[in-house]
Every structure is written in structure tokens, then in C-alpha cells.
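Below you will find one chain, with nothing else, as C-alpha cells; this is the form predicted alone, and questions on how it binds or moves follow later.
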């Protein structure tokens, strides 16, 4: 349904009026009037606890936002996704990544064809490889076991697997070391390959088309590196596997069909870590733990498809984002995991959210007249408290934020985990409460400073507060908890796309710069000269001068 239509519904206009009232609310007052806000505005799903009470909302806000979701036909679109309908309408494809984590042999179809047998066949193929490598049965060309795995991919073939491996692989755990090669900067290539033993390294080349420029260049470089040490090209079969749908290109590279894992056009790259794209994850943590990761995602799917809108965790997160981005004009959203293992989560969510919903064109080709996808950013706590939190506490912008906190650590050390938890929760309280002028004055008086100094410092000690946040509470960073967390954010992005009336599953904007890069590359190789603006011409001339010096 076009967002142009939703913009002119009565509930949209009601939300505009409601926002005029809510803009003057301070959350301190909301908590004073409703001491039970946590009970009113929190819920549990798939092992996660969401506290959304520290938002500029009341029951009317939630009711109106749920009416907006109904007007946008969100429940119908959720069921269309589940039915394998082509909800990626610009490419006429389903968006059925939920099938990848479904435990049963049936339940999902695309264009009338059952897909679960294919999904489970690839999952079993993964298990055979993972078990062989981790048990030392898969050998390199010299007969040695595999100690290192290099994942070669970019975008969704890199960010998701990289983040999950960082989150779940403990340094002392059994299994190969996993490395990631994505950028075509030769410095990254050098750093990844330096120190690796070709005879004990397995490469996973992840590319649906097997023609992606960055992945192809890095795969060819890895192939050259291997063959410089291996006795002959037959070693490729022992050191390369592929995740792709282009069997012809994979075989031309030297990888056998038996060592190629299927991909499907109904799974977008940024939603693909649940498939064989997550092979590096399975090698790092083992197939049983990977299955637990899938089970966590499936538990969140089950909640998403069955819970009422007002009690639906992904729906509520999505509605909160629309409330701030579209009505409050808060154009950025911060994500702060107070979990070291989730340090790459903001980068993964940047792609998931901004590549999905960073669009201005609605479902009927119309230019949208309102703000859609926010800028996603963030970093790991408590580091961020000593970096950009100054702006959150005393800056001029409204910045909604998600805090992700674990109660328990898998590696307890003294009081570290309690301090970490205390800092995360305290920051949400500080952002909500702020510090009034009277509180700041009393604090200065109690510190013993003289009156003149107190007057001088007083304006700098005031915190406006009223910065909204959601807190996602995990018991511990287990595979199941991480699976639920990632599925939660996937569904949140889908909810927002439906309500804004955009297609969250294509990414035409990614291609334009790549097309121009091919033309520029041809010029750098002396194959003619194109027409460019003065800036680009100047940069090309400077490049030629420095390369020739």
C-alpha cells in the first residue's frame, strides 16, 4: 500500500495532532503520573525483555500507532511474507528469510513450490562440512588439518557472519580461527593472509552471482596466494568452497558442485546469515550452536506472526521508530550494545536498516513527502560514554536510542558484569530524567564550591533529559538470544517499510556508484576518457600524476 495513501488517512492526521500535545511532555512527569510504567510498557518474547517505558508515549500513543499499522495493512503484509508472496515487488520476489530458520520440513512455499526440503538439504550439507573440518577430517593439500577459515564476501555476505562470529566464538573454544575479507583495499588482503599457512587454510567464497567485483577480486587473489604454495591446481578443491547460485562460474573457478552451497533469490543478502552464508559462523561455533541460533530466530518469528500488534515486540519497536523519525523529525537512531561481543552489531544494523528503508519512492513510484529510514549509528558501551554521550546528554538533537544489556556474562570476572549492567541501565535513566537547575544548584552547594563558582558552573551542570530509549535485556549472549535479537530487528525494519509504503527488500541505490566505478577504472587503465565534472577530472589527473611518480 502506498505511503501517499497512509499519509492522508484519519489516523495519520490524528497522530499529527497527538504529536503536538506529546511534544511538550517530559518523561519525568510521565513516570510521576504512572509509577507502574514499566509494567505497562514492557514485554517478553523469545527470551528477550523489552522495556519501552522510557519513551514519550502513553496508552493513546500506542493505540494510535497500532491503528496506523492497521491502516497500512501491516497484518496482511505479515501474512503475505509468511505465504511466500512477492512482497519484494520491484524484483517480483518473495522475501522468505524466515524459512531459513524454520525447524520443520514443511511450512513455507514460494510460487506454490515447497522450499523447506531445499533449506534442510543445504543445512545438512553444512553439517557434513562443519563436522569434518572441526573434527580434523578435512585436510589440506599437505595432509594437515584446517586451522583457519577465511570468509570472502561483502555486504550481507560479510557483515552478518562477521558480527555473529565475533559475538559467539570464544577464543578458547575448539574450532578454526575465522577471518573476514571484504574490502578491495590491498591492505586488508595483506593483513588477512599474513601469518596464515596455505596448507591449513579454507576459503569460503560467498556471492550469489559469483560476479560481485569485490568478492571476485579477493577470491582470485586468494587463489593466486594458495597456488603459489600448493603443488598444483587440484589443491583448490581442498581449500575452497562456495556459497552461490551460479554453478557455472563456481566450476570455472575450480570449485566442485559438491562443495557449492545453494542460495535462493527469495533471500536478500542482508537477511542471509541464517543460510549457508553463515557457514563461517557454523565452522566457528559448531553446527549444534548454529542450530540454536536458528531456533532463537524462529522463536521471534513465531512471536511476530502471532502476537497482537500492541503486544508484538518487533511491531512496537518499529512503531516507536516511526513515532520519532516521521513525527518528531528525529533523523538518527543510536544503537548501544553494552556487550563486547556485539561490538559489530551497529554496523550490521546500518546495512539492514539503511539499505532496506533508505528510500524516497513509494510502492506506486511516487515521491514520498515525509521522512523514512533513519541514520543508524552507535558503538559498544561503556566506551561510548567517554565518546559521543556528551552530545546525547547536553546536545541540541533528539536522538532515540536502543540499549542492549546482558544480565549475565559467559565469562564472569569479579564485579565487571554488574558494573557493566549498572552503567547501561543508569545511562537510560540519566537520558530520561536529566538534571534540573535546582538539582544542579544543590549538587554544587553540597560539593563545597563558593557561590561565585557555583553560579558560573550552574548552566553547564544542567541536563535537559527527555531523551527516549528502549532497553533490550538478555539473560546472556547465547546463540539463541542472538538469533532472537537479529530476527527482532529484521522484523522491525519490515514493519517500518510497510507503514512508510516502501519496498524494504530491494537496493537499487547500491548499484549506481559501482557502474560509474567501472567506467573510471577503464580510464585508469588507459581505455579512453569519459566526460566528468571538474572535481572528478581533477582527482583522476592527480591520481595519474602520483601513480607515475
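The shown structure was predicted, so the numbers you read here are calculated from the model rather than taken from an experiment. Positions refer to the first chain, counted from 1.
The next section is about a form of this same protein that is not shown, the form predicted in complex with ligand F6P.
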Is ligand F6P close enough to 208, 212 and 351 in the model of the complex that each of the three has a heavy atom within 4.5 Å of it? yes
Should residue 291 be classed as touching ligand F6P in the model of the complex when contacts are defined as heavy atoms within 4.5 Å? no
Please run the contact check for residue 270 against ligand F6P in the model of the complex: heavy atoms, 4.5 angstroms, yes or no? yes
So in the model of the complex, does residue 468 come within 4.5 Å of ligand F6P, heavy atom to heavy atom? no
Would you please decide whether residue 148 lies within 4.5 angstroms of ligand F6P in the model of the complex, comparing each non-hydrogen atom pair? no
Heavy atom within 4.5 Å of ligand F6P in the model of the complex: which of 474, 384, 154, 122 fits that? Just give me the one. 154
Among the candidates 520, 63, 510, 43, the residue which, in the model of the complex, approaches ligand F6P to within 4.5 Å (heavy atoms): 510
Interface stretch in the model of the complex with ligand F6P - options 430 to 438, 365 to 373, 474 to 482, 262 to 270, non-hydrogen atom within 4.5 Å: 262 to 270
